[in-house]
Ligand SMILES: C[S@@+](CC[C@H](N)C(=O)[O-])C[C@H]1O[C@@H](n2cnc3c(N)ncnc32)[C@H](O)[C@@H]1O
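Shown next as structure tokens: one chain only, the form predicted on its own.
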């Protein structure tokens, strides 16, 4: 049923004229489409559209590629830290962190706050890193909304790069693979991340927006094309992003209005339910999603090691789209603790419904 696209070496960022996307600040994120973008853009270049919705924007790299392609982009995610990344690089067209801004951010704690130091002592990072995070947040209110977004995004990138495997389900160093970032002060990683975010800001001349919402709350009108990359429902377990990235989600709002589950070892946040993450609810969620946006060209990313399978996904999408193409991309996920883990090598399906 599916059309096999060429091996990784054939599709490159440069060949797709995505030179900015090639150096996009790369967050180690479950399901990130960084490696898929050259394939996706190859398909997108042959579709007529000017406005696009990236409904589950995650790391933001697909929205950024769409922006580089000159499209008007709305990037949405129900996680605040993901939406903040999109505000920094999709909605924001010109603001960057200046030298004086950075000097302010790196100066002494303005108000003596110590929430992170107290709450996460002996978890994740050395205490001097927690002190640094509290101090940065003491200066946040003095920045514009876009400079705040860049600062928060850089903090999240620095924290993810220092944490083993980039996830916050573990509190020890069992997965220490010797990477430089795991032994570098967060302050230094933050400065590096600021430089990368500053370099990534650009204006494509369009009115791009970043949203933080359930996809079912978004008005479906006005989008020529919608790109769906929902959590993939695994046959076992779940696709719980809060469990893996709760620290980044809390950090993005300084844990304001967030409920920490104090009895948990990792101090994680309460789960945010999404029907896309579970095999018992995924089918009806996809059916409702496709019907809601049936007036737009629909592109769906989905993994071959998830449910439903390719045949069933085709059938559900066919309820609203008569013309469907399916592309299969060989893809290796970076998650998994063993080199031989069978779930790592999969096909990434791209369904195009018109």
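Numbering follows the first chain given and starts at 1. Keep in mind it's a predicted model, so treat the numbers as computed, not measured.
Same protein, other form: the form predicted in complex with the ligand, not shown, and the subject of what follows.
**Q** Please tell me which of 97, 167, 79, 186 lies within 4.5 Å of the ligand in the predicted bound form, judged by heavy atoms.
**A** When the ligand is considered in the predicted bound form, the option within 4.5 Å is 79.
**Q** Find the only residue in 29, 293, 39, 302 having a heavy atom within 4.5 Å of the ligand in the predicted bound form.
**A** None of the other options qualify; the answer is 29.
**Q** Examine residue 276 and determine whether its closest non-hydrogen atom to the ligand in the predicted bound form is within 4.5 angstroms.
**A** Result yes; residue 276 sits at the interface with the ligand in the predicted bound form.
**Q** With the partner left out of view, is residue 107 within 4.5 angstroms of the ligand in the predicted bound form by any non-hydrogen atom?
**A** Result no; residue 107 lies far from the ligand in the predicted bound form.
**Q** If we define contact as a non-hydrogen atom of the residue within 4.5 angstroms of the partner, is residue 256 a contact of the ligand in the predicted bound form?
**A** No - in the predicted bound form, heavy atoms of residue 256 and the ligand never come within 4.5 Å of each other.
**Q** Answer with yes or no whether residue 229 is in contact with the ligand in the predicted bound form, where contact means some heavy atom within 4.5 Å.
**A** So residue 229 counts as contacting the ligand.
**Q** Choose from 59 to 67, 44 to 52, 309 to 317, 322 to 330 the stretch whose residues reach within 4.5 Å of the ligand in the predicted bound form, heavy atoms counted.
**A** Heavy-atom contact with the partner occurs in 59 to 67.
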